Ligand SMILES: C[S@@+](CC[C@H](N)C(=O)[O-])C[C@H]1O[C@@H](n2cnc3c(N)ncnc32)[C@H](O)[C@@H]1O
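We begin with a single chain expressed as structure tokens, specifically the form predicted alone.
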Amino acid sequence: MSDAKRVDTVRLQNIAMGFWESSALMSGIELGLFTAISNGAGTDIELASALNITPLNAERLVTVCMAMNLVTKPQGRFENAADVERFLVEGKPGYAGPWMLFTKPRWDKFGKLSDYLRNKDEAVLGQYDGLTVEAARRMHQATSSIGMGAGRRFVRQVDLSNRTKILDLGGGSGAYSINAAKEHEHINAVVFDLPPVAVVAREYIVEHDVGDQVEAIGGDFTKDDLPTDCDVAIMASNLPLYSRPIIAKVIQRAFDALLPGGEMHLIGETLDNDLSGPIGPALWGMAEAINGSTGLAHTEADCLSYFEKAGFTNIDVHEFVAGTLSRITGTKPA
């Protein structure tokens, strides 16, 4: 075998050390590296002063961030990459630092992933069994910013002008319902989520001043009665949390609850049908081993079959966030 074709370990080493990169990104967020650069700190010395660390450690951290294309130095001074500048600078409207740190509490558990994969005890709700209001509040403090962005994207993509009421299944902070209400004065919505989450959703509803249009009801959408006066159903970012039979059941329950002519939107982390990726949905599915649930990654074909078996027509797959989220839609016959 020639040297040009010789197989080496570089790719495998890079994957094995991937958590080093995660650590650098999270440390950059926690220390305020990207905010400091946005505010004008352009050298190791200036960064060291802004972050209250030594110049040596500032050089170490920013060097890794440059290697990861998070930071550049085009004119001899550090600059953030475009996505970093938009999402990782504190004080900017799109700041998503808490979301990037959302998985950090699982750090030690992922170091023991093999043990979790050997575990044979699984539950429907997994980590959400026994969820408290405080835990739900912490979770949505981390996820609300990215959720609001997704909600805005949804109302840009979907024509709700002739719709009247949304059933937001597992709606969390209510981001989709809140954005729909802000965009359409005629739209009402109900966020249907676990009771502790519903408490937190009400706080966000009040914060965004849409209480006259949006309410939150506590319940388990896998088994509790759903409202039957809605002509739109949304289920967003809950897909990997549940098994195939449970997702199929929820889609059927949503179909049964919708008014005739109503539409459903399943927005989730879907795999390609050949299971080759993307990596994000695959990882979210694997994380459910740690969470102790029956969840896993679903393919687009899986989701289409759930809709077909439930009785939906005009079923289609739309790109929601490239490489991350798909939006599967269907209509209940009139």
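These figures come from a predicted structure and were not determined experimentally. Each residue number is its position in the shown sequence, starting from 1.
Only in words, not in the display: the form predicted in complex with this ligand, which the text now covers.
With a 4.5 Å cutoff on heavy atoms, Asn238 counts as touching this ligand in the predicted complex. Using a 4.5 angstroms limit between non-hydrogen atoms, Gly211 is distant from this ligand in the predicted complex. With a 4.5 Å cutoff on heavy atoms, Gln157 does not count as touching this ligand in the predicted complex; it lies far away.
Proximity of Ile247 to this ligand in the predicted complex falls outside the 4.5 Å heavy atom cutoff. Here is the short version: of Ala233, Val197, Ala189, Ile251, the single residue with a heavy atom within 4.5 Å of this ligand in the predicted complex is Val197. Comment: this ligand is not present in this chain, but in the predicted complex one of Asp256, Asp220, Glu183, Glu90 has a heavy atom within 4.5 Å of it, namely Asp220. Using a 4.5 angstroms heavy atom cutoff to this ligand in the predicted complex, all of Gly171, Tyr176 and Asp193 count as contacting. Stretch 139 to 147 is the contacting one of 69 to 77, 159 to 167, 139 to 147, 257 to 265, since its residues have non-hydrogen atoms within 4.5 Å of this ligand in the predicted complex.
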